[in-house]
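Consider the single chain below, provided in structure tokens and representing the form predicted alone.
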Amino acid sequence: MKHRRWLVPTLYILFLMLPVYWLLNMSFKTTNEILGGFSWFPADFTVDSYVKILTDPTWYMGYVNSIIYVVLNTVISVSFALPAAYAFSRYRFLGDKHLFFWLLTNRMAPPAVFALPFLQLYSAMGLFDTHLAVALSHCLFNIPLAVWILEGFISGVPREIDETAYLDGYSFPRFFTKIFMPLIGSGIGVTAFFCFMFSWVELLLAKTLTSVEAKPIAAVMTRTASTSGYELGLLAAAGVLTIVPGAIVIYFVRNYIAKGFAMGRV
């Protein structure tokens, strides 16, 4: 019975991992072999696609650019969302519920709605084709999400802790950084994870607001077409390397994500 209990989850996990394996399998094949027919393993094993990505500046700089604006966006989003979430959780003011809902409506809008306004705004400000432009554009979606998640974690912290810290003579900045933030460390980890993942997989704004200097890897991957068609092996290798940063982030915040689900805010 024990073996049967684990059979269905194991088969389900294998089913979910099949696309990842197939992507990895394709990355070690040539384009001709991929188009030539079905095979579970590469007949002519090659790492040429990975060598090209790691040695061609156009390719590896795409990864560097993506990581720069994703990390920048995550830091900005969490930094601004923390005090906002604290205010929504601890204070009551005129229109607080309406403002909170309005923040979430920004998250519900598709990125395509803001592509042209952002393009004109950042072009006029001289921010076009910079990492900051992409990071700030993603804040429109990530800050509302971060505020919503963090507000739930902050509300779970008793108000008595705030009052006790004030009685002990703590200033608000010192109390917030030394006492309060460690108490909601799991919430900050969950929030950073979701901000990182949205910014990492978002393509439209990142491609629209960049040209050469800050071009992300997603934009580079869409330019692999040649007279003979797409270089499928190269695309597969790029896809495998694109999964790696997300997998690393998930590994380090996996416990925080579990706590977020347990608290019902994720």
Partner chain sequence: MTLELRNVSKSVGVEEHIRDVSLTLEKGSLNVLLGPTLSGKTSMMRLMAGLDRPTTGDILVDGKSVVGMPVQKRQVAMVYQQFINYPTLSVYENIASPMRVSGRDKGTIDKKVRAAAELLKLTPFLDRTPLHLSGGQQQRTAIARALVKDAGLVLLDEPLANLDYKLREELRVELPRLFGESGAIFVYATTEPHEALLLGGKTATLSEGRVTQFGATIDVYSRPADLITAQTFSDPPLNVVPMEKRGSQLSYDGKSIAAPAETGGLPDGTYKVAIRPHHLLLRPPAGAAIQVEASVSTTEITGSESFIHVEHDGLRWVALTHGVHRVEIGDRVPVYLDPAGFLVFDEDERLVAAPSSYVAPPRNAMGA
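Positions refer to the first chain, counted from 1. Worth saying up front: this structure is predicted, and the values here are computed from it rather than measured.
What comes next is about the form predicted in complex with its partner chain, which does not appear here.
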query	finding
Non-hydrogen atom contact residue 95 with its partner chain in the predicted bound form at 4.5 angstroms	no
Contact of residue 125 with its partner chain in the predicted bound form (heavy atom, 4.5 Å)	no
Residue 156 within 4.5 Å of its partner chain in the predicted bound form, heavy atoms	no
Heavy atom of residue 102 within 4.5 Å of its partner chain in the predicted bound form	no
Partner-contacting position among 71, 188, 145, 179 - heavy atom within 4.5 Å of its partner chain in the predicted bound form	179
Those residues of 153-175 which, in the predicted bound form, come within 4.5 Å of its partner chain by heavy atom	158, 160, 161, 163, 164, 165, 166, 167, 168, 169, 170, 171, 172, 174
